[in-house]
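First, one chain by itself in C-alpha cells, the form predicted alone.
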C-alpha cells in the first residue's frame, strides 16, 4: 500500500510539472535543468516524450519526429539521457523557446576559463557591435591597467558588495579564484531585456551557472582556448598576476575546461574578431545568422 501511494504521488508530481509547462508558468528549460541536476527527482523521471508533448504547439506526431531527429529513444527519461543527448535536447528546447516568445538569444552569457580572452572578445563586441548591450559587472578586485570604471567593471569595496547582495541587487555573484568577488547588477539586465534589447553577460563559469538557475532561457556560450599551451602563454604573457597566482589560476582553468559540456554553444578563440562575430551571430534571429 505504501509503495502504491508513493507511485500515485510521483505520477501526480510529474503531471503537475507537465501542467505548469503547458500553462506557461514554468519554462521547459527550467525543467531540463532540474532533471539534469537530479536524475532521480520528479523532473528526471519524466519521459522525454511526455515532456515534449507538454510544451505548447508540440503534439504527438511532432514529438516523435523530434525524438528521431535527436536520436533519443521513446522509452528514455530526462534523467537517463547521455551527455550528447542532453546537449541536443537542450539546444532544441532553447531554440524552440526563443522562437516562441522566450528571452532566448536576447540574453547571452559568455564564460570560459581564466585568460581565454573573455574580456578581449567582449571589448571587441562593444566597439564593433553597438547594437549589443554589454552588462557591466561589479567586482571587489582592483582595476588592471587600462580598465575604466563603469565601462569594464564597477569597482567596489567589500562593504558595498555586501550591501548589493543584501538588497538583492545582483543577478548572480561568486568568489573567483578564492580571491575577489564578481557580480552582475540585476536591474540593467532586466530593463534591457524588457525593452527588447540584446544583452551580453561576460562572467565566470560560476556566474553562468547562477544565471541559468535564475533565467533558464539564457543562452550560455563557452569560450574555448585554441589549446592548453596557448592558454598558458596568454596567462603568463599578460603579466598581471604573480607566479603563485598564475599557478593557482591554471589549476582552476583545468577544472573550468571540464564544464564546457554544460553550455549551449562552444566558440574557440583562435581570432578575437572571428570569435566575437560568432557570439554576436548567436544573438540574432536564426534567419539572419551567417
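Computed from a prediction, not measured in an experiment: that's the story for all the values here. Between two forms, the rigid core is defined as the largest C-alpha subset superposing within 1.5 Å. Residue numbers count along the first chain shown, from 1.
In what follows, reference is made to the form predicted in complex with ligand 5GP, a form of this protein that is not presented.
- With ligand 5GP left out of view, the stretch that reaches within 4.5 Å of it through heavy atoms in the predicted bound form is, among 67 to 75, 216 to 224, 179 to 187, 192 to 200, 179 to 187.
- Residue contact check for residue 118: one or more of its heavy atoms lie within 4.5 Å of ligand 5GP in the predicted bound form.
- In the predicted bound form, ligand 5GP lies farther than 4.5 Å from every heavy atom of residue 140.
- Using a 4.5 Å cutoff between non-hydrogen atoms, residue 174 counts as a contact of ligand 5GP in the predicted bound form.
- Using a 4.5 angstroms threshold between heavy atoms, residue 163 stays clear of ligand 5GP in the predicted bound form.
- Taking the rigid core as fixed, one finds a CA shift for residue 163 smaller than 2 Å between the shown form and the other one.
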